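Starting off, we have a lone chain in the form predicted alone, written out as structure tokens.
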Amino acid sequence: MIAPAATLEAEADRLLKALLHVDCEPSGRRWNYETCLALAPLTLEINRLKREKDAVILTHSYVDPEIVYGVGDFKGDSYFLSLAAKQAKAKVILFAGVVFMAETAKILSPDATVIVPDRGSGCSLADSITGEELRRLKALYPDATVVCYINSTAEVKAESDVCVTSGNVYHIVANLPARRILFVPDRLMGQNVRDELRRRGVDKEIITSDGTCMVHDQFSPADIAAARAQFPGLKVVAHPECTAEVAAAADFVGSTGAMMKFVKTSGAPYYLMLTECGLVGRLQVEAPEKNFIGGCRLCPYMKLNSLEKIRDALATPRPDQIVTLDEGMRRRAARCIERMFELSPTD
């Protein structure tokens, strides 16, 4: 069904108003009226399909901005979207992110049909350890409490005691009764947790597996030093998936949600964002007065999401796009995530 010209023009105006200030695309793409007019038929069709199918779209901050602001119902980091998945009452949940996130949505909303636009949208962290490999680690450290980062598969969550995000990891690990913690799958975040808890005077032994994020492990202190020399007053904002050396050299380290809050509420002349470029795009939309210098990296898995794939998955999902989980495993993984909600700080 072809929308009337006036409807397409109104949709193009809406998209342009949201995307006008986004210029962090390494490809050099810019959003002008013609670009938005070309996108308008897709966004209109997707939003129509959502109404027809009682569907919601969860969009991670790292996917392309035309997805976040064109068709997303909820946008944010992994913790916020976990809550949105838990509270969703829709018949269909489409997760524009990566596969482990869609699995999390299915864990928390078992009665919904959960769809992932591209089954190839993996994660270097989540794919770095299997449930079987974690069972072998647990046998080596039987007295350890197993803490899994939310960037993990459903089978790893099912083998873990509690899940954490980059926003609540310090609080939860610090308050667990056990001294020995087996933390999977992020080696670099594990080191940052060690350093931060030591700074707080919290005595924990943290053992990690060896996964890293292919985006955040690429930044270096040299990147920071070069940027500070060129931009006086610069604030460097990093994710705890970065190396300990990068975290120590940054002005602020936090989850994607915390990074956004820091930038929005501080008054630096420039910001270097050591994270995925999608977050910079969101900030350019929501805080267009801020100035960002280069430095972000693209996640190839997040960029597998597209409006075309979302439309097709909503209209007629293929079997590989529908997330299914063994019920016993799903229940064990759900308990792991529910423990996170129970132990998270309330402020």
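Residue numbers here begin at 1 and follow the sequence given. Treat the numbers as computed from the prediction; the structure is a model and nothing was measured.
One more form of this protein exists, namely the form predicted together with a small molecule; it is left out here, but the text below deals with it.
Out of the listed residues S109, S78, T243, S209, S78 is the one that sits within 4.5 Å of the small molecule in the predicted complex by at least one heavy atom. When the small molecule is considered in the predicted complex, only one residue from M101, V156, V237, V114 comes within 4.5 Å through any heavy atom, namely M101. In the predicted complex, the small molecule stays beyond 4.5 Å of every heavy atom belonging to N192. For N151, a non-hydrogen atom is located within 4.5 Å of the small molecule in the predicted complex, even though that partner is not displayed. The shortest heavy atom separation between S166 and the small molecule in the predicted complex is within 4.5 Å. Under a 4.5 angstroms non-hydrogen atom cutoff, the small molecule in the predicted complex lacks S128 among its neighbouring residues. Contact with the small molecule, judged by heavy atoms within 4.5 Å in the predicted complex, is confined among 84-92, 143-151, 261-269, 225-233 to 143-151.
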